[in-house]
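Starting off, we have a lone chain in the form predicted alone, written out as structure tokens.
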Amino acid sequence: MSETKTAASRQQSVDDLYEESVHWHLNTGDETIHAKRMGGYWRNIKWLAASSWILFFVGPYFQWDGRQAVLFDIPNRQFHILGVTILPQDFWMLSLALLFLALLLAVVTALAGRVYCGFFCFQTIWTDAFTWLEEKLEGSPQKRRKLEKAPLDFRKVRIKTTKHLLWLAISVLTGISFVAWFYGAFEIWRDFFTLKASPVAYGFIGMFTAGTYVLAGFMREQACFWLCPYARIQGVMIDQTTIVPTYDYHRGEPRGRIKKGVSEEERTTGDCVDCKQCIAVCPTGVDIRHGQQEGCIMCALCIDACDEVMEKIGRPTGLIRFESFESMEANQKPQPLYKRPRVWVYSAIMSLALLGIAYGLTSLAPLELKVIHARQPLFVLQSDGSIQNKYTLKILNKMGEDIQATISATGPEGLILVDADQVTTARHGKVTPRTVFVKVPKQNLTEETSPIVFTVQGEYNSQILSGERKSVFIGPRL
């Protein structure tokens, strides 16, 4: 009797699932996809990954040493990252950082497919947030479809207006948050509402507001299908060893609904009961049972849906799981990562990029000095018999405030730096030039060119900063 009740309960669960998924098919933009929301392991991972984007909104408000912790000050050509100021002269480090991130994305794609699209992409995250709000206001997928077809009345206008106002609020916040990284968090809010922000700032806020509202609110999965070039690039990175959400056709086929009175030992069908829940939860409307398709963003929500159904009907989970095509076809475990040559190649290049970035950050001098020797004339014979050279010194101050700097020089015996006690104000974030003259008694020059070292020194927050540069002192032929 208990077995009969269990079978009947399972049959009722499957019937309910069929009723929920009756509207689902592959969508190419002719209608709005209302994906069903289900809990589960991968849904929790998805929310955890999405929470990393909170830094996008709150990051500009963190302060460091009296200024915004991370500020990409493009007008002044300065990148402030915590206590480090990166100027155009250090642009090579930014190139290494971009190389590292690009390779990291390539490695992740080669190993686990389009997990960036499914878990971290801003389009995916914002769409998920918009549809979550939509579900809270309009209800389940069935109710949302019913509301779309319902005649226009006060209830429909109220719900739709509330939803779109919330979407617009998120879109505007997104635009302001983006500009805050380049403009200043507190400054952009003040200037935005007092109409004092620059036209460029208003333009970017407008573009991000419109883009977020349209892409996340209306286009949704169609942006992944037709607008995103990265989806095509990622597609060529996947091979037979890449682990991706895969339907186990060995277990699942042939598909068939649960039949009353047929025990597990007597059934002739596979584990797939054709409930279509894997399609119902898919934000792009893909049927994972047909294999990998360009619309699959590998968010793994189909795995949660299938596992829940398997648990309800008393069958093993994992009918849909992360697996490689190679191991699925051979019905064996995937090849270990350390046996894949490109993993080693990618890792080596990434390691070199990281070492370069680490070296650059640790070797950044707060004061940098460049020395340009005058070409005409190369030297001047003074009336007292000494030889004088002219130099143009360029002081680069990478700190956040102006520094009072002094210049000294060492070289041939008897070297005299004219106006050595003169203090130069090195402007912060800029190159400050200064012309200096160096004299050396002629009798002390033992060769036509002699090495000379210039040193610039200043004080910042009770810390002594210095930088030096080698040059040459030129005299007459001996």
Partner chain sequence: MAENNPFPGENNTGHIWDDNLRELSNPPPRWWMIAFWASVIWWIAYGVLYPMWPTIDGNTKGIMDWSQMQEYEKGVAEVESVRAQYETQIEGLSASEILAMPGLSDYTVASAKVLFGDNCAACHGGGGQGGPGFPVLADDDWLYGGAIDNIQQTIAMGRKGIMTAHGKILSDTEIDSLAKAIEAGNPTSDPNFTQKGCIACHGMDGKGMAVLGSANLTDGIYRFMPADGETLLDSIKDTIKYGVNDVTEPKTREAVMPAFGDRLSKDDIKKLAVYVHKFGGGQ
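Residue numbers count along the first chain shown, from 1. Just so it is clear, the structure is predicted and the values come from calculations on it, not from any experiment. Here, rigid core means the biggest group of C-alpha atoms that superpose within 1.5 Å across both forms.
The same protein has a further form, the form predicted together with the partner chain, not shown here; the description that follows concerns it.
A.B. asks: Among 112-120, 369-377, 262-270, 317-325, which stretch has residues whose heavy atoms lie within 4.5 Å of the partner chain in the model of the complex?
C.D. replies: Of the options given, it is 369-377.
A.B. asks: In the model of the complex, does L133 have a heavy atom within 4.5 Å of the partner chain?
C.D. replies: Taking the distances in the model of the complex, the answer for L133 is no, it never comes within 4.5 Å of the partner chain.
A.B. asks: According to a 4.5 angstroms non-hydrogen atom cut-off, is Q388 in contact with the partner chain in the model of the complex?
C.D. replies: Because a heavy atom of Q388 falls inside 4.5 Å of the partner chain in the model of the complex, the answer is yes.
A.B. asks: With a 4.5 Å heavy atom cut-off, would you call W47 a contact of the partner chain in the model of the complex?
C.D. replies: W47 lies outside the contact set for the partner chain.
A.B. asks: I'd like to know if T162 sits close to the partner chain in the model of the complex, meaning any non-hydrogen atom pair within 4.5 angstroms.
C.D. replies: Contact with the partner chain, no.
A.B. asks: Heavy atom within 4.5 Å of the partner chain in the model of the complex: which of A97, M237, A210, L381 fits that? Just give me the one.
C.D. replies: Answer to the contact question: L381.
A.B. asks: Hey, which residues along 415-449 are within 4.5 angstroms of the partner chain in the model of the complex, non-hydrogen atoms only?
C.D. replies: Result: F437 alone.
A.B. asks: Superpose on the rigid core, then tell me if the C-alpha of K390 is displaced by 2 angstroms or more between this form and the one not shown.
C.D. replies: Passes the 2 Å threshold, so yes.
A.B. asks: Could you check, with the core superposed, whether the Cα atom of K439 shifts 2 Å or more between this form and the one not shown?
C.D. replies: Yes: K439 shifts by at least 2 Å between this form and the one not shown.
A.B. asks: Is L55 one of the residues whose Cα moves 2 Å or more between this form and the one not shown, with the core superposed?
C.D. replies: After core superposition, the C-alpha of L55 moves less than 2 Å between this form and the one not shown.
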